[in-house]
Structure formats: structure tokens, C-alpha cells
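First, one chain by itself: the form predicted on its own, in C-alpha cells.
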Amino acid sequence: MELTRELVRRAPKVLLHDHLDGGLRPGTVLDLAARAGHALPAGTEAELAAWFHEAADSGSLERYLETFQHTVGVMQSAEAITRVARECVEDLAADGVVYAEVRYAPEQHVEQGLSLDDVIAAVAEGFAQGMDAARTPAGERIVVRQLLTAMRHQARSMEIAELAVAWRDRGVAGFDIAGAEAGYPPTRHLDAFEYLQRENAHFTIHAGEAFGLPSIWQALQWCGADRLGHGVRIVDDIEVADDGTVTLGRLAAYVRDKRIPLELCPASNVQTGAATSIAEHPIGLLTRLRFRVTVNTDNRLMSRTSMTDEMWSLVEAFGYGLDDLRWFTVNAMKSAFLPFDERIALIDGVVKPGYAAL
């Protein structure tokens, strides 16, 4: 069977690394900005979409992060947050996603008086509305959970970690830290990670994106991360000789041996300079070496991407087939912050039958 983009769109997908404030529809940003009196750098939907992509396409993570001033800026009311969350689920469902963990930093949405709990509740309401709207006549629906993110340059990680535990039976799957890596090592938030471990809670850490192996080492060996957000720079600990022989350093071997999931985001990595192109992205080598590779979108608005786009770009660059895409998807579902029996139910009841039907 010839693999087409439409076939890839129909394939069931699992998404572990997607930012709520990085996936707004351009039209929604315009509408919410008009209501909130927030000034934007462009006045039409097409112009705004182009601005986000071009501003994020600088090769700098710091410049990439600046674009969030406008998405976060229009997400300061419960109504706006719920709308964005609902539309996020609708867009993911239309893209063939069957399970997603969507992250955001509650502390960034309290400028107009919302409490942190208000923010989480607004996202929960939007996700619930989206999941209900995406339910098929047969009763199937996308499952979406929250990841609560703390900003690594701020000092609220313990507070956010406590919220992740308090809300974990109400739609919150885990915890994350994000933001510029350089100068803000994950060990600055060690108390939060130790608390989460004591509470048997799950967490991922942005590491190995703009910064190299020390960031990954700290995230794993000091902080105890379950997954690596990006983790693409683990390739710095892999040596490929001229004859094709591959030698793994101690850290890379540990990551592979322990099956630590890598939340790779190809399009975003090219934009921020973590990879020079999709064809030269380390995902090809890491897949060949059978690391626990997962494919993700990171920020769908800034990267003008979707899970279909990400997977199709890998098909074009590396010649992957449906078996490879299923492998990525099962990897992600195995790595989800969801109870074991629920992961197995989605793998055996949704993912594998979905690929078999194609």
C-alpha cells in the first residue's frame, strides 16, 4: 500500500508534548485580543499566522519563546482559557489524535485576577467540552489530560507541583518545567521534584533542547524525570564512525537501556536550531538505535504543524512506513502518564486496531 498524507492523517496518534498556549487558532487569537484590548503585530488571520511562524523561525529558543507574549496575553480570563482548551481538543481530534497530554503554566494566566485553581478548572472545563464534542457516533472519543508546567526562571515550582498532586484525579496527569534552559538548570527546582517523587507523581522535564548533556544528566540523575521534554541533544553522547559503527556514551546508553522516553519535536527543533533540517534531525539515528522515541508537535501555531505534518515529514525524510508510525505511537502510549490498564486498553483497543484497519 502506498502511504499517503491522508492515510497518515487517519492513523491514530498519541501526543505527549504539546503546549496549550502554543496551539491557538490564529482567528481565536484575533478575536480574544480584540475583546481584551491586547495589541497584536498583525491585523488579519493570515498575516498573524505568518507572523507567529516567522518570529518563531529564527533559530533561537529565546526568540521563539517571545511569541508567547501574545498567546498568553489573550488567555487571562476563564472564558478565554476554556475556549482555547476546547478548540485544542477539537483540533487534535480532527488530526487523528486519540490521546494527548497538553501542558501549560498556570502561573502565566493570573494577571487579571484568576487564581491558579481557577486556571486549572477553566482548562479542565474546556477539555471536557472538547472531548464531548469529539465523541463519535460509536462512542469513541479522544482522551486529553493536563500537564501543569512551572517556569524554570521563576520560583513557583513547589506550588505548581502541589497543584499537580491535588488535581491528579481530576484530569491532571503530571508536572513539567519549561522555559529557557541556559542559566536555569532543573536542579534549581529539586525540592519540587523530590516532593513529586514522595507523592508517587509523574513528571517530565524540558531538557536537552537548547542546552546539552548536563541538562539531560541533571534532569534524570538529580531530579528523577520520568521523561525528557525534547532530549534531542542526547545525540551529543553518541559517536558515529566513518564506517557507520555507533558508540554510545554512558548517558546515552543509560537513556536507551532504561527506556526513558524522548519527547522529540522535529519541526520545533529545526526552528530553534536544535536540528538543521528534518532530514538531518537526530530522530533518524535515535530511531535506528531504538531509543524510546516519540513524535510530538510542541507548538502547533508557532511551527504551523500538526501530528499529521510531523509524521508525514518523517515519512518524506526517512522513508518510514505505517509500521514505523505505529511504533512511534505505541512508544508514546506506553510512556503516557496514565494508569497501566488504561494505556493497555488504548494500545490494544484503539491504536493497534486503528493501524490494522489502514
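One-based numbering along the sequence shown. Please read all numbers here as calculations on a predicted model, not as lab measurements.
If you look for the form predicted in complex with a small molecule, you will not find it shown, but the lines that follow are about it.
Interface residue remark: residue 273 is not counted as part of the site for the small molecule in the predicted complex, having no heavy atom within 4.5 Å.
When the small molecule is considered in the predicted complex, residue 310 lies well away from it, no heavy atom lying within 4.5 Å. The closest non-hydrogen atom of residue 281 lies beyond 4.5 Å of the small molecule in the predicted complex. Looking at residue 104, you'd find a heavy atom of it within 4.5 angstroms of the small molecule in the predicted complex. Note that among 25-33, 292-300, 312-320, 47-55, the stretch whose heavy atoms approach the small molecule to within 4.5 Å in the predicted complex is 292-300. Interface residue among 108, 197, 77, 154 relative to the small molecule in the predicted complex, by the heavy atom within 4.5 Å criterion: 108. Out of the listed residues 214, 73, 179, 171, 179 is the one that sits within 4.5 Å of the small molecule in the predicted complex by at least one heavy atom.
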